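Okay, so here's just one chain, in structure tokens, the form predicted on its own.
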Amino acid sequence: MREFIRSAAFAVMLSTAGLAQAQEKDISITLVPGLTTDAFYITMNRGAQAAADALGITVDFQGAEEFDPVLQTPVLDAVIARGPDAILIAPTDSVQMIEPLRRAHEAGIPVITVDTFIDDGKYQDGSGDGDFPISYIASDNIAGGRMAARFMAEEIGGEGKVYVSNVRPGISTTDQREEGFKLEMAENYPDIEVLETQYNENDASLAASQFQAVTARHPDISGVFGANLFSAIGAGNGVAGANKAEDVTVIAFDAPQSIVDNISSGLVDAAIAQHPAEIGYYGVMTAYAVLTGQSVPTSIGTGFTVINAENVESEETAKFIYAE
């Protein structure tokens, strides 16, 4: 598992030398999200804007309305043409976005990936086609998948059949969440059988119908892990449609208000909430540090909060619910 560094992010954030340099020149950074309409990226942008306000710089938010490399590439090309001082981006495919991002790199624009990565996510190590970004800032998604597996195992009593509802292969974050979930189950819960992953192409309706198909083959299904928002919503809807809410545990990854409402209603049992505002904040601080001549770590990790029926109404939990 890659090493994530948090203390270095605070060092970047508190650099008074860099603050002094920011006052001497205008700095413009563009944040290109996976998609503009998702609460996760909207919350990330809020964190990015908070950092920009603190530094007195400009951060633009430019992206497509769907999570698709075919749509993200022309947005990125337009951003490169405008020539920002740095680009923060959540690549929508770990392979297909390498060459588009190389164009930014070759244009002399520092690239920092947030949430998702290209290639293997190990940057500045001299290996791989996609090692040129400066840093990768995100949750440790393998650890998040393991966390989901542990909570699932506890809820179903350590035995039963479960499966992962996922988007599609090739998205770094959801691939890692699935990997972590399966690793944890294989290593620590031998009486839990993980069935074949169901890929839904970010379509909640398809995810719901896939649950119906899985439960037809395995009427004793015990749990579903939704590796992203639409996977979890669809799985929850499928469980409700089959009248199995009392029998099937649904664990979601990410915590927009819709998922939180489903926890309150009992449709979803728990959500692994990332801290996207932190990702946006640290992303801007890291890009800013690079632009003002400071050294930065090649990876910075942010945390998780588990939201379930016990804490969903608490004030402490409210700050981890994503903005709409």
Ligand code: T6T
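Small disclaimer: the values here were computed from a predicted structure and weren't measured. All residue numbers are counted from 1 along the displayed sequence.
Below: the form predicted in complex with this ligand, not depicted.
Participant: At 4.5 Å between heavy atoms, is Phe211 in contact with this ligand in the predicted complex?
Facilitator: Phe211 lies outside the contact set for this ligand.
Participant: So in the predicted complex, does Asp38 come within 4.5 Å of this ligand, heavy atom to heavy atom?
Facilitator: Judged by the heavy-atom cut-off of 4.5 Å, Asp38 is in contact with this ligand in the predicted complex.
Participant: Although this ligand is absent from this view, report whether Leu229 comes within 4.5 Å of it in the predicted complex, heavy atoms only.
Facilitator: Judged by the heavy-atom cut-off of 4.5 Å, Leu229 is in contact with this ligand in the predicted complex.
Participant: State yes or no: in the predicted complex, is some non-hydrogen atom of Tyr281 no more than 4.5 angstroms from a non-hydrogen atom of this ligand?
Facilitator: Because no heavy atom of Tyr281 falls inside 4.5 Å of this ligand in the predicted complex, the answer is no.
Participant: Looking at Ser135, Gln72, Asn200, Thr116 here, can you tell me which has any non-hydrogen atom within 4.5 angstroms of this ligand in the predicted complex?
Facilitator: For this set of options, the contacting one is Thr116.
Participant: From the candidate stretches 229 to 237, 147 to 155, 122 to 130, 93 to 101, select the single one in contact with this ligand in the predicted complex, where contact means a heavy atom within 4.5 Å.
Facilitator: In short, 229 to 237.
Participant: Within 4.5 Å of this ligand in the predicted complex, which residues of 245 to 277 have a heavy atom? Give them in sequence order, or say none.
Facilitator: Asp254, Gln274 sit within 4.5 Å of the partner.
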